[in-house]
Ligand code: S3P
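Only one chain is included here, represented as structure tokens and corresponding to the form predicted on its own.
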Amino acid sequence: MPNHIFIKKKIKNFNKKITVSSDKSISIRSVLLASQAVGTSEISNLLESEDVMNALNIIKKLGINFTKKGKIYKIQGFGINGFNYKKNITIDAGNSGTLARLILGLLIKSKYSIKLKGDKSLSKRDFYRVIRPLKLLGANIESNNNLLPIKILGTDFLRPIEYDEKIGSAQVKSCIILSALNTPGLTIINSKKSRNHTELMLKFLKYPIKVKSTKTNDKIFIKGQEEFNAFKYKIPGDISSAAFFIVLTLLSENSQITIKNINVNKTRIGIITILNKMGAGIVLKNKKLYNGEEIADIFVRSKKNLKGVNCPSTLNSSAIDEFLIIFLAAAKANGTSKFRNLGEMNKKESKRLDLGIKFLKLIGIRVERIENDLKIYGNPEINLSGNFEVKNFLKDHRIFFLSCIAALTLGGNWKINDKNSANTSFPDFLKILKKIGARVN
């Protein structure tokens, strides 16, 4: 089956209510924590993407069984470090940096050496950021110059640490938190603000974790070697998936959309804050609290007069996966948009900052870059014609989604490659686009 699509017409006006894919970050964390719980956990609405399926395959290889009945996954855990596996096994995280870095935290007491590998894209990503704290805790790690594949051998002589996490990486922070589950004593993390799903899930599980927060940092205290019971959890919708439909609606004509039951955790909704600074007028409705997470419906209307934004770098962490689609909104805004300190974008599935600039230039948008700072000169009158092909973008799922939204809102005849990359995070993306009225061939 061809791995490309064609889009030749803008989307017509629409008024829809949709649901998008389940939250990938919470899906992966729920699988990993269920593998460490005592008893059978039940997880409903789990995202069935390649990244999450790889998480299930990994825990199965580590001796944790799971079954699926209807829309519920049942995972049988045997407590902290309850894995039971053969010698010299290899586990595969595929394309997921979250899965790869978090599973290393749970293997810090492994009795046999385990090899962790990933796909071509993941194998280019830096793992020193988690290797360093894991070694300080006592793990034995061999790597390919801090890249995958990695071999990890645990130890019975783990020692708690106090660690300064200065990047603002939830993956690093969560890796250390999961390591601390197996570590005696009190592990302390001084962390720059980042998404906090791991902390919230452990609080929901009544695990002894405490967080002292300031405006820019969290100080996290985790008491090790405490068991927790199996749980039930229904995964909410993913703001990262909703983001593409938010911008689709803003840039379309005479349209509106309600995206139901989305996780609007404050550490994740930088995109809404940024777009509202641009005049988007996005509204959160039917807010509720679920196991520590904030859930809401997102209501969006078309907006003809978006304005450029001077984006505070304090919002970077809460929008890091959404900047590509934010750039598209900036491309059609009136005035210049400024973004700073976006180097972390190049640590993702691809060098997204570099590729985002390449994409903007492809559609004729003027961009200035100084190191990791960016100026985007918006063109409210942009209306594309001619032929466009998106290829050589390293099969990044978010580049694929971005290209589709650009084609449907800006015009032109598009051939967009790497359709299968959508399976990484959002397998139903094209199906929902068609439901709204997009003509995709």
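We number the residues from 1 along the sequence you see. Being a predicted model, the structure only gives us computed values, none of them experimental.
Quick note: we don't show the form predicted in complex with shikimate-3-phosphate (S3P), though the next part is all about it.
Engineer: Are any of the heavy atoms in residue 170 no more than 4.5 Å from a heavy atom of shikimate-3-phosphate (S3P) in the model of the complex?
Structural biologist: Looking in the model of the complex, residue contacts with shikimate-3-phosphate (S3P) include residue 170, since a heavy atom lies within 4.5 Å.
Engineer: Consider residue 98 of the chain shown here, and say whether it contacts shikimate-3-phosphate (S3P) in the model of the complex, taking contact as heavy atoms within 4.5 Å.
Structural biologist: Residue-level check for residue 98: yes, a contact with shikimate-3-phosphate (S3P).
Engineer: Quick check on residue 320: any heavy atom within 4.5 Å of shikimate-3-phosphate (S3P) in the model of the complex?
Structural biologist: Although shikimate-3-phosphate (S3P) is absent here, residue 320 would touch it in the model of the complex, with heavy atoms inside 4.5 Å.
Engineer: Looking in the model of the complex, any heavy atom of residue 348 within 4.5 Å of shikimate-3-phosphate (S3P)?
Structural biologist: Flag for residue 348 set to yes.
Engineer: In the model of the complex, which of the listed residues (369, 74, 192, 129) lies with a heavy atom within 4.5 Å of shikimate-3-phosphate (S3P)?
Structural biologist: So the residue touching shikimate-3-phosphate (S3P) in the model of the complex, by this definition, is 129.
Engineer: At 4.5 Å between heavy atoms, only one of the stretches 401-409, 24-32, 55-63, 388-396 reaches shikimate-3-phosphate (S3P) in the model of the complex; which one is it?
Structural biologist: Within 4.5 Å of the partner lies stretch 24-32.
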